[in-house]
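In structure tokens, the next block holds one chain alone, the form predicted alone.
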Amino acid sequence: MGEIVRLQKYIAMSGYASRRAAETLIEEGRVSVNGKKITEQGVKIEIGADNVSIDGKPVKIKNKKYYIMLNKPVGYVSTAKDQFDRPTVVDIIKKDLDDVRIFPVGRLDYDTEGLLLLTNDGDFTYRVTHPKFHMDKTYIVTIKGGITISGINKIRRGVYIDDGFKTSPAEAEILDAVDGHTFIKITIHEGKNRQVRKMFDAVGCKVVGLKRIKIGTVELGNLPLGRWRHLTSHEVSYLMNS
């Protein structure tokens, strides 16, 4: 006999939708068990014995975990689905993994490129994104014009953004200055919305390009823009246990 669980939990375990979203699917009459439409909450099923379908398509629990690195291009949103029908990072992966339901680990802004992780493992997402684990994230920032030594030191010490929130100390170094632009490498471990851009705004610098190149010790390397690869077992282990 298989494990007995509530229907909405089974749907969440399959990776199709969250429990809350699964409850909505049930209310809308889109879920069936053994061919019978279910519209009431709290129905229990036996894993491996009962057949669940949504909109007529079978839903099964998949045990295989996926850990993916994507070199995200500008112009994609870091969600599985966008309410404005903009292209998403999952659209890139689905070209090759159409039957796998994955989601981004954290996010990169629409106009930011570089290293983005995707998975179907909620525990992995928690370890990488929760602030208490202090996971370093490294970016290459392109600003218009230059930056003073005072400005770079302020960023290193922390600056105020978002209604008085002060960022933690950051590692920052000027890499180069070419054709009226300055290139800076910065490492932070927080993940506030558009944080890097706001940090440079706070010292009077306009960011015109932003690329994430590293999470912890896991580097983007020479992965081409718009392409993806599976993480190695060593990389997954590091991100889960660092």
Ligand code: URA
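Numbering starts at 1 and runs along the sequence shown. Bear in mind the structure is a predicted one, so any value in this text is a computation, not a measurement.
The same protein also has a form predicted together with this ligand, omitted here; what follows describes it.
Asker: Given a 4.5 Å cut-off on heavy atoms, tell me which of 147-155, 128-136, 81-89, 104-112 is the interface stretch with this ligand in the predicted bound form.
Answerer: Within 4.5 Å of the partner lies stretch 104-112.
Asker: So which of H181, K60, R194, K185 gets a non-hydrogen atom within 4.5 Å of this ligand in the predicted bound form?
Answerer: The option sitting close enough to the partner is R194.
Asker: Give me the residue from I215, I68, L210, C205 that has a heavy atom within 4.5 Å of this ligand in the predicted bound form.
Answerer: Looking at I215, I68, L210, C205 one by one, just L210 meets the 4.5 Å heavy-atom criterion.
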